[in-house]
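Presented as structure tokens, the chain that follows is alone, the form predicted alone.
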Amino acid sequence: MNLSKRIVAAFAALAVAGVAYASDAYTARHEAMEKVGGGMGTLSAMAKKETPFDAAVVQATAKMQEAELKKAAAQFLPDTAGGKSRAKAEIWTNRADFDALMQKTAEALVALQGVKDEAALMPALRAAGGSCRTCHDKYRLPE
């Protein structure tokens, strides 16, 4: 194979690797965020009294959400926007603000882990949900 064909092949391989890199990051953060959202559904049902209050479930759910949020945050890697992702480009151009919002949400989930009685659930859930909503409104494209 002559040199020019090798160069073209090398660039093609890098392009495929780049797509796989972006796709893997998107998939990892999407799956993690889906788990965070699922946890919100579990806790919302409890807050609305559709399911019985259980402090152990609140703690475990909020702990899982915090861990999944951190997994997702680590997957907003450079050059992983686009494709199926609804992530706005502003995540990467305003990264400090995005990271601060993710940290604020993580802190709200830590506070939610401390809920021990039903009366404390709704205010803690509103704080966590409001933090999620702020980030989504600012950094996520509509469907």
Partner chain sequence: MSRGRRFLAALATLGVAGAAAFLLLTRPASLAEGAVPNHVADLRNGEVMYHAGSCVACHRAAEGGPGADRGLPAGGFAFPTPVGRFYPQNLTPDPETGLGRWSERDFVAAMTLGVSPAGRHYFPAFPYAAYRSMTKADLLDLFAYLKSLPAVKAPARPHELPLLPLAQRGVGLWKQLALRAEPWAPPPGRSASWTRGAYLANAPGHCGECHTPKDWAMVADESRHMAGGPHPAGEGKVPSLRGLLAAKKYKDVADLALALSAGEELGYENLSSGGMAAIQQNLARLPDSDLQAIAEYLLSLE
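This is a predicted model, so every value here is computed, not measured. Numbering follows the first chain given and starts at 1.
Here the subject shifts to the form predicted together with its partner chain, a form of this protein not shown in this document.
From the list 58 to 66, 72 to 80, 44 to 52, 101 to 109, the contact stretch for its partner chain in the predicted complex under a 4.5 Å heavy atom rule is 44 to 52. Proximity of Arg86, Met122 and Leu125 to its partner chain in the predicted complex is complete: all three residues have a non-hydrogen atom within 4.5 angstroms. A residue is said to contact a partner when one of its heavy atoms sits within 4.5 Å of a partner heavy atom; Met40 meets this definition for its partner chain in the predicted complex. Cys132 belongs to the set of residues with a heavy atom inside 4.5 Å of its partner chain in the predicted complex.
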